[in-house]
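The chain that follows stands alone, in the form predicted alone, written as structure tokens.
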């Protein structure tokens, strides 16, 4: 069986990193990179660190509006799929690359397999939420990471249960693999001590408009008076900071985007993480680090309901109030760490096993 695996961003590369080598072993696999992320720090470094082979096709789509980016992908992906004639197209997550890959395949009557199906924030203002819903509706094999996602598909959206498979989360496999590669020297590179800094990331479109970004970063400046903050800055976020000359306090350490192994090591050694990333919410749970979400909702609501992750929102007052309370009360952080959440390895093997039966 020939499988075409389509992806285009840093999170997709990471979450597919354990699956891609196994697909190469078990099937004929074509790797298609849309080029949605294209800088070294957001792309090539992950292939190197995760020992992934070169892609068969790199489309070099680059940035642009959602319509422009997705449209260009559709045109080029259709050409590749017509040439390669795969039996299945596999996509991951909720990006424009995910949507374009699934749409191009569906229009050509090629079955679609969607890894990380069923995650919902229930906020259709988010482009990612639209992508998730559309891809799940046209997929033939839906690989759900947890029971919440499975129930969203089968109960709320009435997708036939025979198309949905509860396989677990490939992030677990990728994260545990990366932890074996971390070098403690990275802490020294940034003059950090274990458990004595916050890791902070921010990249979503709705948070990188000036008004929202300025409010969040003013809160970060206030928090940094109590504790060091390491802030790997996404290219989109850095552009707004520079354009509007947003002031960042000295106790906030700005870096370029980090490689996966270093980021995972810095995450596991942090006191807590503040982020708007869906992937980091998962990784924080896997590594048992309290995660404070800089959004009003999340597609990983199960972790919030269990008390493992906390929704901060984006207002200065609420961010400062909640974070300072955690910093001042060690027992509250300890309580979060003691909450047990089942983490299942083996999603990669489950997906391979299902695909072999098709």
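Positions refer to the first chain, counted from 1. Keep in mind it's a predicted model, so treat the numbers as computed, not measured.
This protein has a second form, the form predicted together with a small molecule, left out of what is shown; the following refers to that one.
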item	value
Contact assignment for the small molecule in the model of the complex, among 142, 264, 149, 273, heavy atom within 4.5 Å	264
Contact residue in the model of the complex, from 120, 228, 177, 203 (heavy atom within 4.5 Å of the small molecule)	203
Residue 277: touches the small molecule in the model of the complex, heavy atom cutoff 4.5 angstroms	yes
In the model of the complex, residue 197 touching the small molecule (heavy atom, 4.5 Å)	no
4.5 angstroms heavy atom contact with the small molecule in the model of the complex for residue 81	no
Residue contact check: residue 11 to the small molecule in the model of the complex, 4.5 Å heavy atom	yes
Proximity to the small molecule in the model of the complex (heavy atom, within 4.5 Å), stretch among 213-221, 162-170, 107-115, 231-239	231-239
